[in-house]
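What follows is a single chain, given as structure tokens, in the form predicted alone.
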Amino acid sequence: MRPLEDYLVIDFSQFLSGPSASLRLADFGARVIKIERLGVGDICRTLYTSDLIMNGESSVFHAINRNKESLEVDLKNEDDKKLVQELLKKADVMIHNFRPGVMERLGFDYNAVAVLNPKIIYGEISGYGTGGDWKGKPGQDLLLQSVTGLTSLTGNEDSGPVAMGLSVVDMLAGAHLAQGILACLYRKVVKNEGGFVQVSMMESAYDFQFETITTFMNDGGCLPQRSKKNNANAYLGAPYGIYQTENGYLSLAMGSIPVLGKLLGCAELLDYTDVMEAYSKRDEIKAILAKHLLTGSTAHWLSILEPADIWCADVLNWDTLMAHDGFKSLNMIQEVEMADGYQYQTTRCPIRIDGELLTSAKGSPKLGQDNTQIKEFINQNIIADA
């Protein structure tokens, strides 16, 4: 039995942040019902992150909404609104990620839902919080990366601002919401209380940078300086970075410069005996390393460095990664099937509980595919409560 079996989650959220939180709850065994707008559904159904369309809809929708149900409703219609209200009376958790004020207008803000179900765990994600001048701005991942300083950490010194190649702030906010919900579910078991969990993407992005922000705040306000070449962390000294080799790339983490010089046969590095030179002369050390590593293959350098317990790695793309035995041994890929028989491959939950892989064969829902079943569930509960 999975930890959240018999728990009911009502998910109004769309795009990535909220659905990533409900995906994790579904992986833990919860029944997740997506509340989707009549005729439109989750905007993520048509928000294409690539030119890949899977079974008529966006690949990202399928990736983040597997193992869920879909209830298609018009929340401005009183009958549909009452239907959702009845569902919320039975729910353990509700999630949304609309801008501040939207749920109040729809009549599904925390205060309204708490009247229906005082013990519900109500979770919401906003872009910039519920107060302040920015609260009405669009909570979109690239915009949040830009205003929270994240883009100043990636790339080399002369690269300008560089965004991460993933919707990282969305996923962080979703993870934080799931954590808050799980904490409140535990409190509910212990104290029989509901709860109101609030997460903003902006605060999640700040928390993500807790190491660098702490350094900045205690370093006289000095801004982080990315290295001119091979930057991988604005605060770390040489050799930290990714380097091109004769036939690929090699990543190097922290390590003694003269030890590296001896192992690699690079005489120029032997003179950097002062540990602090890894920081004060970071750029010139990296330039020497970059030039030297081009003279051999990745496999050649790894064969020298790995036996010496130097922190290093090959740099793989998805083709080479998925062909690797280390990846295959994890069984990270699962095949799921939609109600119409369409099958696709995707990742599984990365968490194991009691040694069990948390996989599921259930794919993403078609818009409104579960309306009949959910309405029957509501009617049965109304009769049982009468």
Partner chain sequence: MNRPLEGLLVLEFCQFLAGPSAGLKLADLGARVIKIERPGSGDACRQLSIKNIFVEEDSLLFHTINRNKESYAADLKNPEDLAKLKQLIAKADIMTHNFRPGVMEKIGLDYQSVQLINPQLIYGVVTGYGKEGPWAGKPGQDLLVQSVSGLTYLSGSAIDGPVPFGLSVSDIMCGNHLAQGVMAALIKRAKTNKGVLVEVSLLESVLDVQFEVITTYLNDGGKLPNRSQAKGSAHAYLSAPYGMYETADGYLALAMGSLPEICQLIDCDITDLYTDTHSAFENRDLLIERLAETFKKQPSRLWLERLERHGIWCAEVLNYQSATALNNYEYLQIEQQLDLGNAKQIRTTVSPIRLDHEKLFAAKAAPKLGFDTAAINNEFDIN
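None of the values given here were measured: they were computed from a predicted structure. Residue numbers count along the first chain shown, from 1.
Beyond the structure shown, there is the form predicted in complex with its partner chain, which is absent from this document and is the topic of what follows.
Under a 4.5 angstroms non-hydrogen atom cutoff, its partner chain in the predicted complex has I351 among its neighbouring residues.
At the 4.5 Å threshold, heavy atoms of M338 stay clear of its partner chain in the predicted complex, well away from it. Among heavy atoms of E78, none comes within 4.5 Å of its partner chain in the predicted complex. Interface membership of V60, defined by any non-hydrogen atom within 4.5 Å of its partner chain in the predicted complex, is confirmed.
Partner contact region in the predicted complex: 214-222, out of 101-109, 256-264, 214-222, 293-301, criterion any non-hydrogen atom within 4.5 Å of its partner chain. A heavy atom within 4.5 Å of its partner chain in the predicted complex is found for one listed residue only; from R187, K228, K90, K281, this is R187. Distance criterion of 4.5 Å from any heavy atom to its partner chain in the predicted complex singles out V147 from the list V147, A287, L270, L116. Contact annotation for 309-327: residues with any non-hydrogen atom within 4.5 angstroms of its partner chain in the predicted complex are W311, C312, A313, D314, V315, L316, N317, W318, D319, L321, M322, H324, D325, G326, F327, listed in sequence order.
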